[in-house]
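In structure tokens, one chain follows: the form predicted on its own.
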Amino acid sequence: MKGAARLVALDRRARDLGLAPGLTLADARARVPELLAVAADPAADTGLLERLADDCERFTPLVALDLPAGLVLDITGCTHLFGGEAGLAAALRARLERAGLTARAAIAGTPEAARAAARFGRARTDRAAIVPPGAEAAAARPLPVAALGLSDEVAVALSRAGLKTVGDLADRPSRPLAARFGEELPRRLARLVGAEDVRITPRREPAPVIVEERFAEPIGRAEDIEATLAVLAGRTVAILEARGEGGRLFEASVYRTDGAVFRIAVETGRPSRDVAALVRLFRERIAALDDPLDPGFGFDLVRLAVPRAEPLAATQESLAAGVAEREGGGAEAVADLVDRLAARLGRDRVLRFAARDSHDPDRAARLAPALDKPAATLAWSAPDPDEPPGRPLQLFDPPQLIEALAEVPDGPPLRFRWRRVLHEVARAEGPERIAPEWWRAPAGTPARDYYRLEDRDGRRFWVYRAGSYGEDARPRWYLHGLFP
């Protein structure tokens, strides 16, 4: 019997026929021969629940999954947009009905109280059960102990002890209950009766700035979406300006009437309050989508959020615009170009060099997304204006082996051959010894003696000798980089 197929979920008609979850499929077919049963697919059920959670964000940004078949919405501060709690519940129920779903809903002061009222109370499918503020304890008293969400073993033990309802537990001291049934019991009881409130953990962290536009008649044209984003960007910029901030990450959410949600995010390399630039970035991002926005029966809600913002002080426009541009105003144009390329190609395909805390030239720099904010503690060392650069801009990975003739024991190369071309050294500077990082390099890795060389044709090279003549009869020479 343990390996027998069992019923997991049923529709209303199956329940009316006397079937229940946990019944074996053979017994169920014996009672209802015409029963239609399909294999359970928990992954598909979770996927549907996540899609419903995305659509429910039109009611509140705080939505959490309550697996296996529920959602929890924190509607604090949102009910006035729908005419009160009853209006919000009615709008939510209507959307679920249009999707062919039937739900039981309840509104209470804590997530646990609302969950228990919906699953174990007298909540009806035609309207939500609303628990008045402060009445959570009275509403929870007649509920069975299963409403606490404890394990089956604890629920059975409570029933055998004569504690069958939440009221039976609420009338008894918490310490004996915790000693006998575990510390989790009094905690869950306190949350269920409203004595303790623990906020939900939403699937998506709410953004500090959110603006939206709803449509009585759905829209579907790309031009209408772009125009709406321009309006929302203007409102967003006004809020950011009042906060003294600029956005670094902007996310547009487009809600379709059938519940599908499309999210489009753009980033900027520096805090921004430029409406025209934001609209241009969204246009680039939408054009680069692998799957274009499918309007279906239209979009009825467009939302613009700023999940990440940073301080941005107001700037004074220069009266000498041309001079400012010649003196570095081109940095704005470069930043705008980086933003557009990242929106079109993806943030991980537009890279820049970033300094790394390492004396090893192979690790002194790394490639990072150009949109990432540079680390405040690391910066490139500024070269002496009167001295030639100590490191070349171009490094070979791996360094290239060369044939060199040098004075023993530590003289610079007199000549060397690279790519079948012989270079006569006219000037040399060094050596600069760079030892490997002992915690990274294998044991026995030799130190490197670097030289800056210039041949008779004016070409400049950065070469090193791996090891020394005292340790190795014939240490090898490598070309590591080229100077401009």
Partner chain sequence: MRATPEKATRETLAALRGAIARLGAGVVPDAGRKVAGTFSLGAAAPDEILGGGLPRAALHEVFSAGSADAPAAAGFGLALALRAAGDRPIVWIRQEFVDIETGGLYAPGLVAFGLDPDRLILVSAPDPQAALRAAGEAARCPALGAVLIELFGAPKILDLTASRRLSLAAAASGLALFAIRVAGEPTPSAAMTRWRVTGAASAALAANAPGHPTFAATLLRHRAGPAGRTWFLEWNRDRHVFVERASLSGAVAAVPVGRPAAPAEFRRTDFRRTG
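For the two forms, the rigid core is made up of the largest set of C-alpha atoms that agree within 1.5 Å on superposition. Source: prediction; values computed, not measured. Numbering follows the first chain given and starts at 1.
Separately, the form predicted in complex with its partner chain exists; it is not shown, and the next lines address it.
**Student:** Indicate whether its partner chain has at least one heavy atom within 4.5 Å of a heavy atom of Ala428 in the predicted complex.
**Tutor:** The answer is yes: Ala428 has a heavy atom within 4.5 Å of its partner chain.
**Student:** Is Asp66 part of the interface with its partner chain in the predicted complex - any heavy atom within 4.5 Å?
**Tutor:** Residue-level check for Asp66: no, no contact with its partner chain.
**Student:** At the 4.5 Å heavy atom threshold, is Pro385 in contact with its partner chain in the predicted complex?
**Tutor:** Pro385: contacts its partner chain in the predicted complex.
**Student:** Is Asp300 close enough to touch its partner chain in the predicted complex, meaning at least one heavy atom pair within 4.5 Å?
**Tutor:** Result no; Asp300 lies far from its partner chain in the predicted complex.
**Student:** Quick check: do Arg29, Leu35 and Val145 each get a heavy atom within 4.5 Å of its partner chain in the predicted complex?
**Tutor:** None of them does, since no heavy atom lies within 4.5 Å of the partner.
**Student:** Please identify, from 353-361, 103-111, 225-233, 257-265, the stretch that has a heavy atom within 4.5 Å of its partner chain in the predicted complex.
**Tutor:** Heavy atoms within 4.5 Å of its partner chain in the predicted complex occur in 353-361.
**Student:** Tell me, out of Arg204, Arg187, Arg391, Arg308, which residue has a non-hydrogen atom within 4.5 angstroms of its partner chain in the predicted complex.
**Tutor:** The option sitting close enough to the partner is Arg391.
**Student:** Just one of Glu196, Glu284, Glu213, Asp168 has a heavy atom within 4.5 angstroms of its partner chain in the predicted complex, so which one?
**Tutor:** Selected option: Glu284.
**Student:** Select from 418-457 the residues with a non-hydrogen atom within 4.5 Å of its partner chain in the predicted complex and write them out in sequence order.
**Tutor:** Residues within 4.5 Å: Arg419, Ala426, Arg427, Ala428, Glu429, Arg452, Leu453, Glu454, Arg456, Asp457.
**Student:** For a quick test of reading the superposition: does Arg363 move by 2 Å or more at the CA between this form and the one not shown, rigid core aligned?
**Tutor:** Yes.
**Student:** Is Ser151 one of the residues whose Cα moves 2 Å or more between this form and the one not shown, with the core superposed?
**Tutor:** Shift of 2 Å or more: no.
**Student:** Is the C-alpha displacement of Gly458 equal to or greater than 2 Å between this form and the one not shown once the rigid core has been superposed?
**Tutor:** The answer is yes; the displacement is at least 2 Å.
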